[in-house]
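Quick setup: one chain, the form predicted on its own, written in C-alpha cells, and binding and motion questions come after.
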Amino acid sequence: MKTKLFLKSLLVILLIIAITPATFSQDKKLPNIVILATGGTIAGEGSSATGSSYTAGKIGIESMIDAVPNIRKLANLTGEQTVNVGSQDISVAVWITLANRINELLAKDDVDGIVITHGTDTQEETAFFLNLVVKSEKPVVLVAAMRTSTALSADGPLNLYNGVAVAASAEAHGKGVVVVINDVILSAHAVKKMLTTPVHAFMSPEHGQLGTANFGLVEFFHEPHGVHTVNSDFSMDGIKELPRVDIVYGCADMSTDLIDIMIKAGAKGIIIAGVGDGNMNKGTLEAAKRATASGIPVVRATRVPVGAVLIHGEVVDQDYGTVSSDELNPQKARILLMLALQKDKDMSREKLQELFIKY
C-alpha cells in the first residue's frame, strides 16, 4: 500500500514538473540577463595551451556559460548565438542585427540587461555603434578575451563573469554601453584597444575607467562622456544598411589620389587618420577641399592614439570645409559619420561639427 502511495505521489510530482513553465525554475530574486554571442578570441580554440596560434569563434555560448563557475548565481542567464566569427569579420549588417535584437529584448519587462561576447579587434567599434542606437537605459555590456578558452591562464571566463555582474548591477543603469575586461569598466565613447596581445590591451586614456569589476564586485567611479542611448539622435528602426564611409591613413609622402579614388568607388564620406593633429600633406588637403566642395564630407581624425584634433589648429577646418573628429579615433569617427549621413545625407559642415563635439 505504501509503495502504491509513494508511486502515486512521485507521479504527481513529475507531472507538476512537466507542466511548470521554465521561468518558474529561475530564481525570482536574480535579474534576467541575455548573453548574445558573436565569437572572437573569447570563444576561440588553440592547438596548444601555450601557443599563440588559434581559431576564433569555435565555442558556442552555452559551453562558454557552463565553463564559468558560479556565474548562474549572479543572474538568470539565457544565451543566443548571433554569429560566431573573429571580430575582424564583424560587419555593419551584424551591427544592425545586434542593435535590433538588443532593442527588442530590452523592451521586455522580463529582460534586465544584455551581455555581448565579442572579439577584441573591433570591440570598441561595436560598443560605440550600439551606444548611439540602443534605446534603453538598461545595461548593455561587451566582454572579450585576449587569450582563448584553451590557453594557459585564459582570461575569458572571469571577463564573462564580471560582465554578467555589471549587467546585473543596478549601478549600471543609465551608463550607456560599456566594455568590461581585465577587471575594469570602460565607456563605449572612450574605450580604445591600445596594445596588440596583452590582457591589459584596453584603456580609456582621455577619460579613464568608469569603474571596476573584481570577481563580481562592481563599483562605478564616474559617469560616461558624451550623449548616448535614449538621448541619442540616431535609431536603427527600418534601417537595412548605412552609407559607405572610408578611412585614409596618413603618413609621410602619402598618396594624394586616395580621396578621389574612394569617392569614385562609392564613398559618401571620408575619414582622414591624419598625422599629428589630424594633418595631411598639401596634395591630400587639396583633395579634401575638392571633396567637401562637391558635397562629400571629410572628417579629420588622427592616427595618434591619444588626444583631440583641434578645429583651428594647423588646419583651419572652415577654410577647407572639413570637420574635426574632436577626440574620436578614426574608426569611431567613421561610425558617427555613417549614422549622421543616414539621418541626413545633406547635413551641413556646421551641424556635423556639432555632432562630433556632442558625441
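Keep in mind that this is a model prediction, so the values were computed, not measured. Counting begins at 1, following the sequence as shown.
One more form of this protein, predicted together with a small molecule, exists but is not displayed; see below.
Here the chain stands alone, but in the model of the complex its contact with the small molecule, taken as any heavy atom within 4.5 Å, falls in 85 to 93 among 106 to 114, 171 to 179, 85 to 93, 246 to 254.
Only one of Asn131, Ser187, Asn162, Thr120 comes within 4.5 Å of the small molecule in the model of the complex through a heavy atom, and that residue is Thr120. Of the residues Val68, Ile61, Ala56, Ile296, just one reaches the small molecule in the model of the complex with a heavy atom at 4.5 Å or closer; this is Ala56. Residue contact check for Thr41: one or more of its heavy atoms lie within 4.5 Å of the small molecule in the model of the complex. Interface residue remark: Ala167 is not counted as part of the site for the small molecule in the model of the complex, having no heavy atom within 4.5 Å. Using a 4.5 Å cutoff between non-hydrogen atoms, Ala145 counts as a contact of the small molecule in the model of the complex.
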